[in-house]
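Only one chain is given next, in structure tokens, and it is the form predicted on its own.
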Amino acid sequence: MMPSPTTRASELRTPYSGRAALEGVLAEGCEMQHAVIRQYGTQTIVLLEPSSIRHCFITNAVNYRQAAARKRLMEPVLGESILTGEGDISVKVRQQIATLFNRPALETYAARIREHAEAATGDLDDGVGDAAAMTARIALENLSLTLFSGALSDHVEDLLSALDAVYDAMHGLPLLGEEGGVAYYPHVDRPARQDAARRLRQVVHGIVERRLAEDAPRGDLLDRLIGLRRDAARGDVSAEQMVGDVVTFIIAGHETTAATVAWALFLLSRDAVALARASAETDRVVNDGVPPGEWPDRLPFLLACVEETQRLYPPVPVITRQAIEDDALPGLDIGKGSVVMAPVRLIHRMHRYWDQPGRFRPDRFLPGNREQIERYSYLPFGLGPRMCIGAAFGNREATIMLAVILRRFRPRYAGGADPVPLLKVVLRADNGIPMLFERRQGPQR
């Protein structure tokens, strides 16, 4: 890797923080370490150097909390979620939920994910469909079957419709070129968001109410969330108190996987060599009778395709925190109240850290290569105390879903132009990802 050059800041004081603040950041030889943006009375520091990201998000993470603007953006949807709490409560939540994501649990979920994915993709060759919508449905149903004991299954359409309405109310910016999502909060149609949030919360309220009325615990994620909320309240809780907790996990638990699989299908459809290699690898594993729980370990190239997709299209393209007290980086003071930002999508496309960063090259994540990736230059699931607790679950699920699809079908992109990624808190395609699934002929060996 290139040695760290002298710190240099680019500053912008206009109301909009677009390309000018980071001009040239994606060019070869760029030496910029951070950009300082001042807008709407707030200083935002865009971090481009792994050591600075590590300092703010790990070493001195205690000095940084959720950015107030992000909290305001999602508060009507999430309410006061126990999962987004600060300090000790956040640690306790992770400890209580962690066993649901250990290796034995993940292997148990794998068989259900494979079975459901096969049933849900049986008719994909009936015409052109939106891969983004399809994967969202499958991933939400997987979440229900694995972590919620089926509690969401009768409400999948209502949940997806309400979530779509929430995101439609956020007029996201296209993530193209050097902008990279620096204008990190989308503009919001507040009345539309309020209505969509109300619809979503009503559906979840009913789901929680039914679980609270049950006598026998199931020991799943929903039960654990209820237990955590009861501990925090030192007694009984109402369904309304639980809504934000469940909504948070519904969004985090299916959106990232769904987006990854949809974007991976698009990328593979544009790379015949990678598609053939991934399909052949999948055929060998299935033909050898490998249990689904072992698939991710036996599908290194397919897993590499998943990780390379998350490099090019990270589900959460920007991570932000806000300073509680003054802090400092080499050559830069971080004042109390300043927002620090890790622009994940930009860092994932910088020549400083990646060879041919704009190309889909799964080999970079194969054993022997991935060890050369500079730490904190690859952040698809965040980092530090708030790193996604379900990262391993999501990657295993995405690998299994892709394997099921590639075993039966050859995906062909059916759009006239490439889909444009939009920042709407999570990364979504502007008009979906239209895909034609052509059924493969003959035995796949």
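All residue numbers refer to positions in the sequence shown, first residue = 1. What you see is a predicted model, and the numbers here were worked out from it, not measured in a lab.
What comes next is about the form predicted in complex with protoporphyrin IX containing FE, which does not appear here.
Shown alone, this chain has one stretch from 414-422, 43-51, 387-395, 30-38 that lies within 4.5 Å of protoporphyrin IX containing FE in the predicted bound form by heavy atoms: 387-395.
Contact check for Phe301: no non-hydrogen atom falls within 4.5 Å of protoporphyrin IX containing FE in the predicted bound form.
A residue is said to contact a partner when one of its heavy atoms sits within 4.5 Å of a partner heavy atom; Ser377 fails this definition for protoporphyrin IX containing FE in the predicted bound form, lying far away. Shown alone here, Arg321 lies within 4.5 Å of protoporphyrin IX containing FE in the predicted bound form, counting heavy atoms only. By the criterion of a heavy atom within 4.5 Å, Leu265 is excluded from the residues contacting protoporphyrin IX containing FE in the predicted bound form. Annotated contacts: Arg94, Gly253 and Pro315 all touch protoporphyrin IX containing FE in the predicted bound form [non-hydrogen atom within 4.5 angstroms].
Listed residues Leu143, Val246, Cys305, Ala131 were compared with protoporphyrin IX containing FE in the predicted bound form; Leu143 is the one with a heavy atom within 4.5 Å.
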